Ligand SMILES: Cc1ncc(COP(=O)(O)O)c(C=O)c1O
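Only one chain is shown below, in structure tokens, and it's the form predicted alone.
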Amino acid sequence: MAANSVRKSWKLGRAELDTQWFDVSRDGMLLVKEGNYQYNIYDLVKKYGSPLEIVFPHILEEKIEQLFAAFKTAMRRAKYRGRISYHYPMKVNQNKEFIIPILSEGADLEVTSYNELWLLKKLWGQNHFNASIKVLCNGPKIPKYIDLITELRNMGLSIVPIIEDLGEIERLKGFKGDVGIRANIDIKVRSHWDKRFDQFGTSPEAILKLGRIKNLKILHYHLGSQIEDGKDIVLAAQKLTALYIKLRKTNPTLDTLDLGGGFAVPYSKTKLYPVDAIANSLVKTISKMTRKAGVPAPNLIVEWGRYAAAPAQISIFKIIHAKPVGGGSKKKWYVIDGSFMNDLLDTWAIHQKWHVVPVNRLNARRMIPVWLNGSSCDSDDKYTASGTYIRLPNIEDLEEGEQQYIAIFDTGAYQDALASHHCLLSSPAKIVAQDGDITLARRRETPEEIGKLFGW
């Protein structure tokens, strides 16, 4: 089968599907491109074993460059006077191999807990970023969290606590710096989110009743995750801008809108909205509303963490063996040497559909419909592509001594933080591929190390 046909079959090399970095070699191996360099994934998994996670910092960097370029182009066209900032939410992936490349591209940070802020303090002490970085602090403000916010502000860090509810105004009354406030916008969007009950933020009516809020700088909201229709992002921004216009009357220090997260990733490789189109719509909409109201256009913040982090990591597994599904089905179970319950928890938690591609034998002539079965002893440790199937090479055609490996794309967001050790299985090893070099970020855990986690 010709390389172009193989590439098209597996939806590789397509920017609108976040696969522009992926290709296939002439002998049917999965490749990842970094400029004119390329990594052969089959060679890496043969060297480092499986299961294996591979991080590509250049993908992180390119995604953030695309975001900045999209907004700056839109602002230039609309003669928009506000600035754009990207605040990466650490909760998406707190690993150092993600945070450092993101900072290098000019991103700021958003934290949601005392522990995340403690890690940021550690980075600050190691001189990993300069004093121009800005940090937003979401999440409930327990006393030690507020103390650390105050400590870092006194050290010269530009840090802004976001008021989640009215009770936090009292707890933050002694804070000397700028603050933000989170609004609970009454809007329903199609996403992985239950908008009937949102425990965060304060209603617009309650915010307006407060009158003057000391040092108010940022008006913030968060819609949820994986917003399916880009129009919902723009509609919510309209509502937030309307509140911004009203708040400016009593709070002239307010000059920034934080549009939160929610930008979707094409996990199942179906075309979604592009970043440049959404940036253009947001800028045009906010510009038109503020000009009509006669108020300054606000600076804009986005926290699209999944957008940058998800495509920057792939997870590799080996097919251990095959067994029939039963019940007259023509499908087979392919058992992997890892666990969906442990390593890709969104498979079970939100029924995530993944893009699954062979690492080797992408050009195999015989493909069969399969479901994937994890290695833990749990009935939920499986992947059935929401009840459909995945077509993968028939392992009966493998030559003696040959193994079949598969890659699952877009695993860089949330999966590490949610990972567990069900059945005491080890986490995958993790390597970082950058500038043609490979660095071992996490070695595969031994049984003794796993036992210590549980007090043995």
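When you see a residue number, it is the position in the sequence shown, counting from 1. Values in this document were obtained by computation on a predicted structure and should not be read as measured data.
The same protein also exists as the form predicted in complex with the ligand; that form is not shown, yet it is the one meant from here on.
- The three marked residues, Asp343, His421 and Arg444, fail to reach the ligand in the predicted bound form, with no heavy atom of any inside 4.5 Å.
- Remark: Asn138 counts among the residues lining the ligand in the predicted bound form, judged by a heavy atom distance of 4.5 Å or less.
- The ligand is not drawn, but in the predicted bound form it has no heavy atom within 4.5 Å of Val234.
- The closest non-hydrogen atom of Gly261 lies within 4.5 Å of the ligand in the predicted bound form.
- Contact annotation for Pro89: at least one heavy atom lies within 4.5 Å of the ligand in the predicted bound form.
- Distance criterion of 4.5 Å from any heavy atom to the ligand in the predicted bound form singles out His222 from the list His222, Arg248, Lys269, Lys332.
- The listed set Gly374, Gly305, Pro161, Pro358 contains one residue whose heavy atoms approach the ligand in the predicted bound form to within 4.5 Å, identified as Gly305.
- None of 224 to 232, 170 to 178, 209 to 217, 148 to 156 except one has non-hydrogen atoms within 4.5 angstroms of the ligand in the predicted bound form; the exception is 224 to 232.
- For the partner-free chain shown, just Glu110 of 100 to 129 comes within 4.5 angstroms of the ligand in the predicted bound form, judged by any non-hydrogen atom.
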